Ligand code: AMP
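Shown below, as structure tokens, is a lone chain in the form predicted alone; questions about how it binds or moves come after it.
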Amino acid sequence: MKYQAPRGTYDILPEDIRKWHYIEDIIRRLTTLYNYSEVRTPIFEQLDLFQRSVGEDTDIVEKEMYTFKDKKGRDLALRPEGTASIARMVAERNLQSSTREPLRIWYEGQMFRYSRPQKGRYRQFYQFGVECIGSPKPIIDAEIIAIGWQILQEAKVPDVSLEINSVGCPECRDKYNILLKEFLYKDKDKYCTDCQRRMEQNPLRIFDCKNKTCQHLIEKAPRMLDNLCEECAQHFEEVKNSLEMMKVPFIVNPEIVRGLDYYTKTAFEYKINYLGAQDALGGGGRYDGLIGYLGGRQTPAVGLSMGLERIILSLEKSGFSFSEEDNLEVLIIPIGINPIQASIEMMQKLHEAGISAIVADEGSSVGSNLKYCDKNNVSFAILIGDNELKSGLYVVKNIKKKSQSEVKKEEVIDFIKTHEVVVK
């Protein structure tokens, strides 16, 4: 039987991994500049964690989670997103943020959702997130948004737009839900069955519905942005002012609600217009009540998440040329069996000096090995045969300059180091 990767998953091959490293290097560099530290959480959690935090009436919980029972019958789920695990970690470990500095952390890893696979949307996908925990200040919302914006700009993703909104706090949202329900009930029977149910449980979720009929019906609904309490309205104004000071362009979109129930106040998305239905690269918002809801102290927090596949796909669509990663620097070619030990010793010394090197098959010809160097962009070849063993002079070929030198074996590393800068 010939096996295949499960539907909605894929392999990242050596020729593609450079694309991932390109994005990951930018993420690591920028999060470090903003003083964020990396954390890693389990790939599966208790099912109840996601039901409580993400929301039982969301598409993720209702339709998309991979759930299973372990051997003791406990209900578990592969993580569909990262923030719930971060909130659980903070609550469980009672991670403290100082009065001067909030806790700044970031993560990257695989997430899982059972959805219809399509370009840029997979059942196993890679997501990174940036979370700032412990500050209620609007400037922190802007900081998080700016980090995501800067990552996309540094990655050279073209034509990105940032859309922001406020989904209010529980108090002003409760009042808004009464207005929204009054509007929705006028045409209740015209909405899809999911929306009819969500009218009772969480009417704000209807803005997330992809049904075209529902989208048309909701066009004239009252907006949360017009019904914010004074505190939430002031918070949103200060977020916008901070973004302007940071020179981050944005559009206010009152329909941005995000697909998760834990958001309060600020919500935002980064969008592009050339991936069809997969137009959102990521987004996030504030979640001031989540950590307390999961058993920790009441702690304000704000974060973002983005899908790496979407970013890579957007760059590929735009014709971006990913740079080549560092290639093998040295191929050591033993001529015959006698020089094998000397070849291995030379390889180990090169490794100690931080120079990538491998030993060629002693049964292969010098000509085929030199062709390998040309084809794979190898910088140097070291030829070691019986004559070289006797004389102590190794033949070092500079592949790109098409030159060769006889070098004392103890001076080979210095020779390569002094010439590799010129080669590159």
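All residue numbers refer to positions in the sequence shown, first residue = 1. In this text the structure is predicted, and so the values were computed from the model without any measurement.
The discussion below concerns the form predicted together with adenosine monophosphate (AMP), not included here.
A heavy atom within 4.5 Å of adenosine monophosphate (AMP) in the model of the complex is found for exactly one of Ser115, Asn227, Thr213, Asn253: Ser115. Proximity to adenosine monophosphate (AMP) in the model of the complex, taken as a non-hydrogen atom within 4.5 angstroms, holds for one residue of Ile164, Val157, Ala84, Ala280, which is Ala280.
Stretch 119-127 is the answer when you ask which of 146-154, 178-186, 330-338, 119-127 has residues with heavy atoms within 4.5 Å of adenosine monophosphate (AMP) in the model of the complex. Among residues of the shown chain, Pro102 is not one whose heavy atoms approach adenosine monophosphate (AMP) to within 4.5 Å in the model of the complex.
The shortest heavy atom separation between Ser314 and adenosine monophosphate (AMP) in the model of the complex exceeds 4.5 Å. Taking the partner from the other structure, adenosine monophosphate (AMP) in the model of the complex has no heavy atom within 4.5 Å of any heavy atom of Ser242. In the model of the complex, Pro203 stays away from adenosine monophosphate (AMP), with no heavy atom inside 4.5 Å.
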